[in-house]
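Quick setup: one chain, the form predicted alone, written in structure tokens, and binding and motion questions come after.
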Amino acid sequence: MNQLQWKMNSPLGDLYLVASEKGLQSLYWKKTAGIPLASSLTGKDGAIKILKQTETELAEYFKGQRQDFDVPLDVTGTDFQESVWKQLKKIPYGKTVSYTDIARRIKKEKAVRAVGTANGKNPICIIVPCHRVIAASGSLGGYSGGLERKEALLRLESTYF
């Protein structure tokens, strides 16, 4: 499988996008080891097209022009992780929910801690909006990209502050 990585400069720092010809596989704040960086986003390779679409949609998101993403995803996880990520995608732009809310939505009310772990293993930040999940107390909770970025993303979506 052909995988390529692209470094995108965003208002919150560098983002590293990894795609296959099927879809976006990861979006992290750090480079993914072992996957080559694309030299440009020109060409007809399927992964290049996915990377280009992702960069365009993210640029629109950061400008406040996009609330939902259309780029196809190519991610795999455990059944539990995938059920959590599916719920994360349902959190509307500009809204937040708690880890407890996600646990209830997947009908695993006692699995709040496991929901937090699955949330932390989300391979596609921003597009699968794990930053919209906060602690039941109303505090920010955690975020793989750091709490400053989580706060900035929520501020961008005008939900938290």
Partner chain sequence: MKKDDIFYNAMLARDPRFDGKFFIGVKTTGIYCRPICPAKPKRENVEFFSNHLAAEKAGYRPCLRCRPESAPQSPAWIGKSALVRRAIKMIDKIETLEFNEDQFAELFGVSARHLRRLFIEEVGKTPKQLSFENRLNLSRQLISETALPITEVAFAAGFNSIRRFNDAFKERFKKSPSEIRRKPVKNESTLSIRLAYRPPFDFNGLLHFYRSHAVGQLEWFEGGVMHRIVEVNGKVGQITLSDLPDESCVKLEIDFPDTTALHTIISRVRSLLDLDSDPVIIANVLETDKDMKALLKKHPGIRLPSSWDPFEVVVAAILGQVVSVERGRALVNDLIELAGSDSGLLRDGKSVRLFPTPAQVIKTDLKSLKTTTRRKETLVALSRALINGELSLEPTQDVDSFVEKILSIPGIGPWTASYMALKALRHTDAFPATDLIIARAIAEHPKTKFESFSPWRGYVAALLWREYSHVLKKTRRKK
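Positions refer to the first chain, counted from 1. Everything quoted here is computed from the prediction, not taken from an experiment.
Omitted here: the form predicted together with its partner chain. The next part is about that form.
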item	value
4.5 Å heavy atom contact, residue 53 to its partner chain in the predicted complex	no
In the predicted complex, residue 136 touching its partner chain (heavy atom, 4.5 Å)	no
Partner contact for residue 39 in the predicted complex: its partner chain, 4.5 angstroms, heavy atom	yes
Partner contact for residue 107 in the predicted complex: its partner chain, 4.5 angstroms, heavy atom	no
Contact assignment for its partner chain in the predicted complex, among 113, 95, 31, 63, heavy atom within 4.5 Å	31
Location of its partner chain contact in the predicted complex, chosen stretch of 63-71, 31-39, 126-134, 99-107 [non-hydrogen atom, 4.5 Å]	31-39
